[in-house]
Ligand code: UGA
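Form predicted on its own, single chain, as structure tokens, below.
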């Protein structure tokens, strides 16, 4: 659903207004900060990247996300949202401090917590060294919220590091008052603003009741849906508010993403079998999705999952399991199926082109999904590398991620018109199902391409009959 925010709409007075700090002005931190500012809290986003902070102060976005620029610009003008590189000053003023820094995948699949650790120590030092003015005499403990996706046990780890940072402070006495909370995010890139305002649940983990009370008050506009909007026509009902212990909240995030990734891999396994037996995976997915125990979402067969969350979170969960000498065979199988899907694209190309040497292949869509410019773990890059290794020339097009993709791979040429990518191509691969790609003129495509005019539909985005009627050779996933 495309979201058109009415940024001029004014909030009424909040039951309780908080000073909020967000450490990390990346994807999660920036969306979180902008949405909290919209509902009336005063938010400071802190980032160590001085260039990023300068750009945000000027209203320039480091990422593409529908609706986000409007929120940032309007709330900055109203004085609700600001940007800084000063983490200590932000800690001194904050009632609630979100930690939303990157936790990249390490070589062994585990989450790299070095950025989280550095922030936690900085928080401890700032708490111990806070000046006599400002928030020195706190009415309540500072609530430190892990918004980054972190392994189970990270809440206790962050708490330990905050205390160590306070003890190491040169001017502090090490006696600091804080609480650590886990508040995992469930944002979908491309609809993150919508998901923030209309979450299907809010999950919190903590071991202190007062911390949960603070977070309940902070999130009240989202839980009770009390903010003004003309975006969502659904009746306003209270959002489920799940409270649990730290470890369970951390596990909920990993388990949710692992389940969704496995569901995609499951339908891709079924799609392969459908091709072998002559069934249509689209009909199969529709039929099983009507069972409310299964549901219809995440049953789209094709190239598989990518992006910043599923690959990293599944790898981290597998790593956690192996720390305890447990082999997560179902998760391993999910990853194996996903890796095979990329290879199946190349196999389908080889089947009809016979040799890829000297062939031109258009990659339609480069971002890992529509409505984002995110290229992390994007299938397009892996496919482009495989084509290069086999002597083919890949030409890529993406309506948003094109500029970011240009120059990432030495032998991937990026163009900014889909028909230019298709001109003279022997084959095309639908990698990302952008609306601009789903609605291309098939007759024009057929006129531009060279024989055999092969379209590998990696997202099953097209009607096979319409493609064939236009003079193209169609190959989908699970619908041959």
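Numbering follows the first chain given and starts at 1. Fair warning: this is a prediction, and the values are worked out from it, not measured in the lab.
There is another form of the same protein, the form predicted together with the named molecule; it is not shown, and what comes next is about it.
Checking 272-280, 214-222, 329-337, 254-262 against the named molecule in the predicted complex, the stretch whose residues place heavy atoms within 4.5 Å of it is 254-262. Comment: the named molecule is not present in this chain, but in the predicted complex one of 241, 157, 186, 266 has a heavy atom within 4.5 Å of it, namely 186. In terms of contact with the named molecule in the predicted complex, the residue from 246, 299, 203, 405 that brings a heavy atom within 4.5 Å is 299.
Heavy atoms of residue 309 reach within 4.5 Å of the named molecule in the predicted complex, making it an interface residue.
A residue is said to contact a partner when one of its heavy atoms sits within 4.5 Å of a partner heavy atom; residue 313 meets this definition for the named molecule in the predicted complex. By the criterion of a heavy atom within 4.5 Å, residue 348 is excluded from the residues contacting the named molecule in the predicted complex.
Using a 4.5 Å cutoff between non-hydrogen atoms, residue 304 counts as a contact of the named molecule in the predicted complex.
Scanning 444-462 for heavy atoms within 4.5 Å of the named molecule in the predicted complex gives just one residue, 459.
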